[in-house]
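Just the one chain here, the form predicted alone, laid out as structure tokens.
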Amino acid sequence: MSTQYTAVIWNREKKRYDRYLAGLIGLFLLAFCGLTLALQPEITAETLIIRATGTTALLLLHLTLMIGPLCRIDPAFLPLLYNRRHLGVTTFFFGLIHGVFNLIQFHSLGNVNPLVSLFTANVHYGSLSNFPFQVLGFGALVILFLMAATSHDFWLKNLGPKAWKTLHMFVYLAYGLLVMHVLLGVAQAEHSPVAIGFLGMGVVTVISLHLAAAFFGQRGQFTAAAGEDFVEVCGLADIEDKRAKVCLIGKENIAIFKYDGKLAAVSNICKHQHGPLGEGKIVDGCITCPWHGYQYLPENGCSPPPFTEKVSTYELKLVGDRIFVNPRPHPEGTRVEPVEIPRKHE
């Protein structure tokens, strides 16, 4: 967490991440260009740039979409999530280079404005096989631009987490537009089964990882009907020390933490980017979000000063070794006295 905005917090981890990212992209571009030149020595420099940057952008977008579900499946991938914005902005810049060179090569030699030509050169909007696929790529690029332009926490703070998250969920629309952009482009121009095959593998992988993450996310969680004063959730032994049990009760997503011989319950939704607090742990007495390190005091759901974020809190009771939670939330930042765990149960 930080008390002020900076352009980029260039800590050691981010520098190392960016070095690896730049190195891997460089190796991929060298391999792609070398293989393309070997198979198609007659290819022009402009066409090579268009294909190389477009393929790189699409690959990076696949990786960006895979990081979230991978982190839900295995926390070892969390460092990638922490730096995912760098990957997303890099995706946009490669897409921008791809788009600019497309405009130059295909739409800048006539007497019509290149952007106007993009939308009017092919007007078969009612035909799937002849649809102007470049328009789909342009739409995806606009979405990626909006996401890159609002990637900084300044925009997250001023737009609000809900609006910001909604905007950035449009990445899936951009992904769908790009998939159709590539499929229709290959179908109309190259007829390459290899390109279609690799794209199909990418789509299947992204969908499979999201389904797997949804499955793993439901495992071990408790769901009960709403309306009861207190709902039995689990036993003390089901929660590791300084960790949480997540339960879904009606529309309430609750994280119950066990720490220092006590129990406390807060909303499972982090105020920063709606990260899962229940997948984090207690660090220095604070619930610490596994996504970006935002912290909250377990007894009142408030971030420690000088931070001002707050989440809802819930009442708990302990009967024997069974934990019960009241699914009616208290207002954000309301102190609820933690439940003491008798020594015989510790």
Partner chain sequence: MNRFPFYIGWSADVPPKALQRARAFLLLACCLFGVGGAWLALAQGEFSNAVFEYGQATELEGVLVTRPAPALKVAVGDAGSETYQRVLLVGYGKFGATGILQTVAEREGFDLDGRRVKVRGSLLYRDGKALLELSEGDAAFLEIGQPRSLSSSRELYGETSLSGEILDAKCYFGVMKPGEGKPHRSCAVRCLSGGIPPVMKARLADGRLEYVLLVGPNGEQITDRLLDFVAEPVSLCGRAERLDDWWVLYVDLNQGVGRLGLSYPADIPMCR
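Numbering follows the first chain given and starts at 1. Predicted, not measured: the structure shown is a model, and the values here were computed from it. Take the two forms, superpose them, and find the largest set of C-alpha atoms that agree within 1.5 Å; that set is the rigid core.
What comes next is about the form predicted in complex with the partner chain, which is not displayed.
- P79 is the sole member of G176, G200, P79, P161 with a non-hydrogen atom lying within 4.5 angstroms of the partner chain in the model of the complex.
- Note on the partner interface in the model of the complex: the residue among L167, L96, A212, A195 having a heavy atom within 4.5 angstroms of the partner chain is A195.
- With the partner chain omitted here, the record of contacts in the model of the complex names 177-185 of 245-253, 267-275, 88-96, 177-185, defined by a heavy atom within 4.5 Å.
- Remark: E240 counts among the residues lining the partner chain in the model of the complex, judged by a heavy atom distance of 4.5 Å or less.
- In the model of the complex, D229 stays away from the partner chain, with no heavy atom inside 4.5 Å.
- In the model of the complex, the partner chain sits beyond 4.5 Å of every heavy atom of G261.
- Interface membership of T288, defined by any non-hydrogen atom within 4.5 Å of the partner chain in the model of the complex, is confirmed.
- Annotation for 39-58: interface residues with the partner chain in the model of the complex are L39, Q40, E42, I43, T44, T47, R51, T55 [heavy atom within 4.5 Å].
- Superposed on the core, the two forms differ at P41: its CA moves 2 Å or more between this form and the one not shown.
- An increase of at least 3 Å in the separation of the C-alpha atoms of L39 and V203 is found in the model of the complex, compared with the displayed form.
- Cα-Cα spacing of L39 to L199 is enlarged in the model of the complex versus the present form (difference of at least 3 Å).
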